[in-house]
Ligand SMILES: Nc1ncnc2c1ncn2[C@@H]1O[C@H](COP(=O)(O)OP(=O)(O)OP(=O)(O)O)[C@@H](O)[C@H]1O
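In structure tokens, the next block holds one chain alone, the form predicted on its own.
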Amino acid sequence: MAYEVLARKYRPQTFDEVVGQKLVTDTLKNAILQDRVAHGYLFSGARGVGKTTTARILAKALNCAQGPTVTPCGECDSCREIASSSAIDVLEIDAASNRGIDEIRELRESARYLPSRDRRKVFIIDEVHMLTPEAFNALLKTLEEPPESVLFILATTEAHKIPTTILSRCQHFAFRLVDYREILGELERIAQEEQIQSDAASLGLIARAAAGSLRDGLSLLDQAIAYSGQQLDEESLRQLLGAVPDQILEELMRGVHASDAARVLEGVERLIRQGFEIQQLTAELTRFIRNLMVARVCGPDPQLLPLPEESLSRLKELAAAYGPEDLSRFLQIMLRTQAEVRYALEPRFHLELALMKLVHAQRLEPLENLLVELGKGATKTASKPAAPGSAAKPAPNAEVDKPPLPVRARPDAAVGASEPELRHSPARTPPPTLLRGADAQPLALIRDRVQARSKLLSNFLEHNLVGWRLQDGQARFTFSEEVRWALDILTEHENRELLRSICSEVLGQPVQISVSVEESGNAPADEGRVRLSPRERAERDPRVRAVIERFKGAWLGTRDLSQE
């Protein structure tokens, strides 16, 4: 007798044997038990997930000698003939090769006659999306009002190509991809029945390569047995499937973590010499980085990571070396590279460039840290008053046609300022601050605790706070006028709640937070002061100057948000 491949030998014969489609099979079983079987069904889903198999089981359940039943016997003539695709009343039609209107007309004529032996005449049309528009139109009327003894089961891998007129006449069941663990369990069962010696790692490779298709998994298992015999070996299976060993991928990522570009490029060279394709290597590395990200964010959850148990601990250890932001950035780079290498003339160059991006991506500073550093540098610059009549030097790389902004002294430091608008204006004296004596110690504790929890808020308290006091159960913070534009940040619910909780802890009593800006307009010394324009105020702000100098910026315009 000729050899029968595993996909046919272990094809499910009852609803309970179908793997991974419990929702579909339970619905069909209930329909049979309640005598509510429809006249037309559409089964859609990826290849190898059980569409045609379920259609045959439904035909057996309706035509079994002991039925209709949800557990066909498999022994009667109808069950055996349907299982072998030789039943005269169950016709399987391949729409890819019988897609014209003439074939559908013949099917429509055949549907008019009663079954020869069985209860129902069943038409299983596989890959139905291949039918021509004329063939679909010829099928419409028969599909909507077929004879009582006729059942249509349409199967397709591309449900979006089915006309809506056909969809509206059928009950649609979408078959899902089979889970990795379900495929692995089925492979282990079949390997045991076939007396194949294997381990979880080798079968896990096959289950991962199956990508949700149980039939593909069984075909790969057949191929592996033909290659390795009765003893499946992980190393030989990797060569057969073209799968990159996890240890090599781990070594690449350790080189990335160490910022060792030479080590990473040498690893790519070794893999290429071993015969791995660039496209396959890129896909494997992308999948590995995704697993690292999931392990870092969610922990080594077996439901989210299709890996054997022994690989999960190593993955968790490696993932701990990276931050979630780094891994998400890595995954974005590799996904873009995976799309590029598919059509690239030199795919190796694209992969090497992506790996260089991974090496250097860890050197990127978070934007929050840059803002804090800019704030510190701006404060130091502002603390040094400009000499009278001195002009700012242009940036080293400033463009000739874009002169740099003049660096002017702050109003409170420009005692001898030479600008026209300040010539007749007395220097503003800062308001008396309450940061001495008994008030200084709790404020220092508040600053220390804020610094440990929010760098942005700590920066404002460190450089822009000019006064604070505790009055009537309120911690009142007064900031300099230069940061009026940033009060929205200081009064956000999250920052305000953080400041309130820290103040309550330090002061030993529940307090509310009051944030205000020093009001210079009420001081007698400011009555004759010329009000500066929004642009002039922005030009005098030390943080604005620091950003422009740091990034070689040019001034485009100014908007006064306080007036909106």
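Being a predicted model, the structure only gives us computed values, none of them experimental. Numbers follow the displayed sequence, beginning with 1.
Below, we refer to the form predicted in complex with the ligand, which is not included among the displayed structures.
Note that among 260-268, 344-352, 68-76, 208-216, the stretch whose heavy atoms approach the ligand to within 4.5 Å in the model of the complex is 208-216. The candidate site formed by 21, 49 and 127 is fully in contact with the ligand in the model of the complex, as each residue has a non-hydrogen atom within 4.5 angstroms of it.
The contact residue chosen from 338, 157, 328, 165 relative to the ligand in the model of the complex is 157, the criterion being a non-hydrogen atom within 4.5 angstroms. Though the partner is left out of this view, residue 555 does not reach within 4.5 Å of the ligand in the model of the complex, counting heavy atoms only. In the model of the complex, at least one heavy atom of residue 11 sits within 4.5 Å of the ligand. Contact annotation for residue 17: at least one heavy atom lies within 4.5 Å of the ligand in the model of the complex. Although the partner is absent here, residue 495 sits far enough away that none of its heavy atoms falls within 4.5 Å of the ligand in the model of the complex.
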